[in-house]
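The chain below stands alone, shown as structure tokens; this is the form predicted alone.
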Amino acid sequence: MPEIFIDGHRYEFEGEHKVLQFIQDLGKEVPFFCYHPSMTAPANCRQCMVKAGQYMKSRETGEYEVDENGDRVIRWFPKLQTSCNLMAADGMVILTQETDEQVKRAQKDNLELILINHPLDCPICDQAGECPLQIQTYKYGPEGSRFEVKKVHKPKRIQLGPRVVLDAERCINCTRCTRFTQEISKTHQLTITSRGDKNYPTTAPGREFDDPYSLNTVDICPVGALTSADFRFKARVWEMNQTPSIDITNGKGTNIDLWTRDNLILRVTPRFNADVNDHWMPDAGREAYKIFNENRISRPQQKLDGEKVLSSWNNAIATLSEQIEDTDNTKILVIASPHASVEENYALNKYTNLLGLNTPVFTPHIEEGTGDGFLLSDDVAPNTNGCRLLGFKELNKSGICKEIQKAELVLILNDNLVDRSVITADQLKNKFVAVFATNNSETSEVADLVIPITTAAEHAASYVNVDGRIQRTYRAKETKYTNRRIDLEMSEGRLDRYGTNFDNWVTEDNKIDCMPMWEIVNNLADATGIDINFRGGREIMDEIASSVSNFSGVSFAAMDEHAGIQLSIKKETSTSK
């Protein structure tokens, strides 16, 4: 087995490894700026230097040479090496800044050079608090600057594109952003212009940075040179809570983090998952913060004399129960949703099955041409395969329209069928339409009863992506009926990790008056004398796993441990029958 010695410790390895990545995988640290594990390593920043050598072997015997003390003889490389592009080799010896003063001094001197023209604007920089340059300067850099003349000035507040703003003075020319557009998104929209201490990234003349993955360059920028136009100056990173979740704007199920302050989602960033999205996410998925914050339905709404009015929860539950009781079972159509979670769909299905209604139907949300073969798919719903695995009847547009034509009472679970032109408002006339929804829409506007339900940011539930991988969300926002101080799944600490786990949020206006779908089902069951008592997404998934063979072995704990679980899927052909 090949062996490598790092700071006096022996490690075995197999295959090819870059020394820097190998050290990181061991849980150790070597500072760096330009290196990224999913891109090439140009060794631009020179910060990851280490002292490297090789134990010498005798050509005749193949045995390691030893000195008079019996220690192996090391042949050191003539100069310090950049560990990001140095390949590990059998018998290699590495000394990092932890054990070698020369390496420590080289890294300190390199930081001083990087900081020569860097502006002292940490107090107003969006990157402050999560800035690798800021962090490494405190850990490895000089205590002060010896540079006492005027710094080089570069363009500031340049709108590179609709979503990315450039402050060129902060750029340290790591080229992460340009390499991203060349190697990952392959749009080649960014390049480095000018030379020497005056260069910085930009677009070609007359072009804009409209790459559909452009905001990933903000994520990987090791300084504050590239910032998000949407998030710029909105909040400090240490003021927000970071909660893992899943992108619900597309069928790929990109892993994300939701950043919350005062019960509002302020930004969405990618979370690493090697089996789904690597380190990246599409810009479209970052728009989800608007779904969670804006245009929300708060309190039930009921149509009286042609006008929508706010209703109480008791009245809304009683009204729907009466409508179900007064309508022939064969005239009730239950429409499930690929936009709702597995647990929400299952809860509605169990309730309607116990009432003796037909199995719910659903229609996929396909937008041809949306997919790009990377992290965007033509299926823009997060849980289409979840509906299939639950055994729901899949209908195309004409099939849904035929079913609606025969119905007198229509129950729609969080699917804007009118907005996406699957059905028209006229087709719902003279029918009682009850909608369980998160946001106001054309579909909720035509409904006779609107019952607000939680979004993926307000409940813990699972979704099956286009590849058949089931993953789950966590609660990141409170509703009127939840309290993060007593909810253990909402106690994720802030990024600084040293502040309180519970922010002192005092604004009640940002809490939506809504409930998880399964709690609404509990209330409906009570009103109609059915024994259902769902306690939460975790318990519902346990019930699903024990009763639906397609989900056998699935649990929240297993999804957490394995970053999702791959299920066996078989796509059914849509039918209008």
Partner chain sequence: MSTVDWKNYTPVLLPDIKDLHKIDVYTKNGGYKALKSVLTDKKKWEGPKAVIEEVKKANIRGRGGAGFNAGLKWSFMPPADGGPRYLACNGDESEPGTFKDRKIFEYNPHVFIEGALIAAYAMEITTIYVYIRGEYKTYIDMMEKAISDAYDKGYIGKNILGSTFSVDFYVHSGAGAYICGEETSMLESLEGKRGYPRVKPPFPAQKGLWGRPTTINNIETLSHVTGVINNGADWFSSIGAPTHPGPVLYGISGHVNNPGVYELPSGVPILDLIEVAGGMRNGKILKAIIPGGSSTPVLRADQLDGITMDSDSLRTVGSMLGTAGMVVMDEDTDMVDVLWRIAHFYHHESCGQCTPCREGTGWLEKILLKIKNGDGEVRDLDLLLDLTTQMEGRTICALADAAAWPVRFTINRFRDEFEARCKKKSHAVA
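These numbers come from a predicted model, not from an experiment. Residue numbers count along the first chain shown, from 1.
Note that the form predicted in complex with the partner chain isn't included here; everything after this is about it.
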Check your understanding: From the list Asn173, Thr269, Thr352, Gln127, which entry has a heavy atom within 4.5 Å of the partner chain in the predicted bound form?
Key -> Asn173
Review point. Among Thr424, Asn85, Ser398, Asn315, which has any heavy atom within 4.5 Å of the partner chain in the predicted bound form?
Key: Asn85
Practice item. Please run the contact check for Asp197 against the partner chain in the predicted bound form: heavy atoms, 4.5 angstroms, yes or no? Key: yes
Practice item. Determine whether any heavy atom of Phe147 comes within 4.5 Å of a heavy atom of the partner chain in the predicted bound form, and answer yes or no. Key: yes
Check your understanding: Is Lys308 one of the residues lying within 4.5 Å of the partner chain in the predicted bound form, judged by heavy atom distances?
Key -> no
Point to revise | Exercise: Lys234 in contact with the partner chain in the predicted bound form, heavy atom 4.5 Å | key: no
Review point. In the predicted bound form, do Glu16, Gln21 and Ala52 all put a heavy atom within 4.5 Å of the partner chain?
Key: no
Point to revise | One stretch from 318-326, 67-75, 187-195, 429-437 that, in the predicted bound form, holds residues within 4.5 Å of the partner chain by heavy atom | key: 187-195
Check your understanding: Which residues, if any, of 17-55 lie within 4.5 Å of the partner chain in the predicted bound form when only heavy atoms count?
Key -> Ala41, Pro42, Ala43, Asn44, Cys45, Arg46, Met49
